[in-house]
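Given as structure tokens, the chain that follows is alone and in the form predicted alone.
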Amino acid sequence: MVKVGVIGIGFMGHTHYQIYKQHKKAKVVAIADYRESRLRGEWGDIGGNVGDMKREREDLTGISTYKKPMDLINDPNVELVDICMPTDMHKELAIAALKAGKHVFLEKPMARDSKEAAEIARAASRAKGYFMVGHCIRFWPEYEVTYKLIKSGKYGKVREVLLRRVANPPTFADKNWFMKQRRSGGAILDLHIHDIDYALYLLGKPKRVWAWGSKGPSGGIDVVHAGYEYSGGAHVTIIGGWAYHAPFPFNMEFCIRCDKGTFLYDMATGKPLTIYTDKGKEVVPKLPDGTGWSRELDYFIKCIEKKTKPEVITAKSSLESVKFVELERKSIETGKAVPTK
């Protein structure tokens, strides 16, 4: 049984807590939050933008509660520290937990910039515990199955990829921190990075990047259209943003054309992932149970149990995704394509 401490009981902290609560091999033994109401289990006002929004008062009997994150990190009963705090606090808390010998699960994005992310990666490379960043799309059933089928070679080479992720401004967070780009990095870092990470996971590093973007309610780049050009002719278009007027719904979608089939998924339609083959057939593949959130945490817990370093998501790959956010920003600022070498 892996003993877990969750730092930050907001949308993702609540989500992770509920996943651990139902997991057979994990148990939350501590939580940390500066708000007394959270430590009393008064969680009814926690917001969110996707998934089940039902919130209830939580019985925290038997769970240690801390106002200061470092007190949780220093709790000898905690083996795994799950950090669900604003992005500008990631470096300090992740490095402290790694130095304390804990396993660390860190919400995405890895850090506010690549310099901070590199510091975390160095700490992770020297740490006794395992480290993983919550790039949940690698585990989201539709995306995971598509990745595996493409990598199998059954549908030939990838020729064209469209990834899109859009939402209204996430104003539900504590002190509205998403809407302060100095903390969140804006949609380009907090939301759009999901699809950057998936593109790199699927196809590796492109030879150059171009991007167009505009500022939004966070004061940072909150709408972005990016293009990745690969050797061999494959190209990727990534659209993301959270500047759309409420109650505009959150949506994620992709269309991936290969030599022998096209993969289509659009959450807004309610239709399942479908593959349109070169033989004129429509194939609906079977998906694994769970969400990307539950599947990523289950994977990390299994890594801890088996004493095996995570390979699906590494500190290196998470750092790379932050670097590509910065390449896109550079392209937006200069109006030019940016080589990746």
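Keep in mind that this is a model prediction, so the values were computed, not measured. A residue's number is simply how far along the shown sequence it sits, counting from 1.
Same protein, other form: the form predicted in complex with a small molecule, not shown, and the subject of what follows.
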Which of 72 to 80, 118 to 126, 230 to 238, 173 to 181 lies within 4.5 Å of the small molecule in the predicted bound form, heavy atoms considered? The stretch 173 to 181
Triple contact flag K215, G220 and E320 to the small molecule in the predicted bound form, non-hydrogen atom at 4.5 angstroms:
no
Scan C258, L202, M132, C136 and let me know which has any heavy atom within 4.5 Å of the small molecule in the predicted bound form.
C136
In the predicted bound form, does D195 come within 4.5 Å of the small molecule, counting heavy atoms only?
no
Indicate whether the small molecule has at least one heavy atom within 4.5 Å of a heavy atom of T87 in the predicted bound form.
yes
4.5 Å heavy atom contact, M12 and the small molecule in the predicted bound form
yes
Is there a heavy atom of K302 lying 4.5 Å or less from a heavy atom of the small molecule in the predicted bound form?
no
